[in-house]
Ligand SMILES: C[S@@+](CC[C@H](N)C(=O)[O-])C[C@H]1O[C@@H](n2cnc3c(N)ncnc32)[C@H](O)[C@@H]1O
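Encoded as structure tokens, the following chain is the form predicted on its own, with no partner shown.
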């Protein structure tokens, strides 16, 4: 946690009690060490979709569908739809069962496979994109989703501070060098991109929020 656990716990309490389905998913994720967003981040996603009235929503990284349900519940109010991608067949099947139990199966389209390959074949645009998948591929995801985000669209990315280790001079095991280096490069590319207005929020494990401004001619990772 980038800031004290006590603060996260306090803020989570302010949210109030989640419904039984979300609580069950939280407990299962904790028990099986499945990476899902914190309740604070889930609530934040839900609020952003409602405020932006986003219709076409893309999620990269479904896991068991916890964040997807936060997104889909907001989409239900706005009349929107969520497309979510994950390459783990078993987890995706579990997510689909949760969608059914939540009554959201018609609000979500699940795609199984490598997001980097799937995104090259997508020809639609999205009002809202959420990325919470392999941290070492964040820069690749940015290049791939860039042309898919409609002008004015929102891009949210989770775990961008990765335990605070992206901060220079941080100490961590050498096995994380590549991942941390990739996240630093991703944040620099995103924050310096003149086609996005970006802020980074230090809650959860770090969340970046960007809005595409619609500037013409900017090149992002070879995409114009």
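Residue numbers count along the first chain shown, from 1. Please read these numbers as outputs of a predicted model, since none were measured by experiment.
The form predicted in complex with the named molecule exists for this protein as well; it is not shown, and the discussion that follows is about that form.
Next on the checklist: Heavy atoms within 4.5 Å of the named molecule in the model of the complex: which stretch in 58-66, 192-200, 177-185, 161-169 meets that?
Outcome noted: Careful reading of the contacts points to 58-66.
Checklist entry - With the partner left out here, if you bring back the named molecule in the model of the complex, are 76, 102 and 106 all within 4.5 Å of it by some heavy atom? => result Per the other structure, none of 76, 102 and 106 touch the named molecule.
Checklist entry - Can you pick the one in 95, 145, 154, 133 that has a heavy atom within 4.5 Å of the named molecule in the model of the complex? => result Comparing distances to the named molecule in the model of the complex, the residue within 4.5 Å is 133.
Checklist entry - Would residue 125 count as touching the named molecule in the model of the complex under a 4.5 Å heavy atom rule? => result Residue-level check for residue 125: no, no contact with the named molecule.
Next on the checklist: I'd like to know if residue 115 sits close to the named molecule in the model of the complex, meaning any non-hydrogen atom pair within 4.5 angstroms.
Outcome noted: Yes, residue 115 sits close enough to the named molecule in the model of the complex that at least one of its heavy atoms falls within 4.5 Å.
Checklist entry - Any of the heavy atoms of residue 85 lying within 4.5 Å of the named molecule in the model of the complex? => result Taking the distances in the model of the complex, the answer for residue 85 is yes, it comes within 4.5 Å of the named molecule.
Item to check | Contacts with the named molecule in the model of the complex - residues in 10-38 whose heavy atoms fall within 4.5 Å | outcome: Going through 10-38 in order - heavy atoms within 4.5 Å of the named molecule in the model of the complex - the hits are 35, 36, 37.
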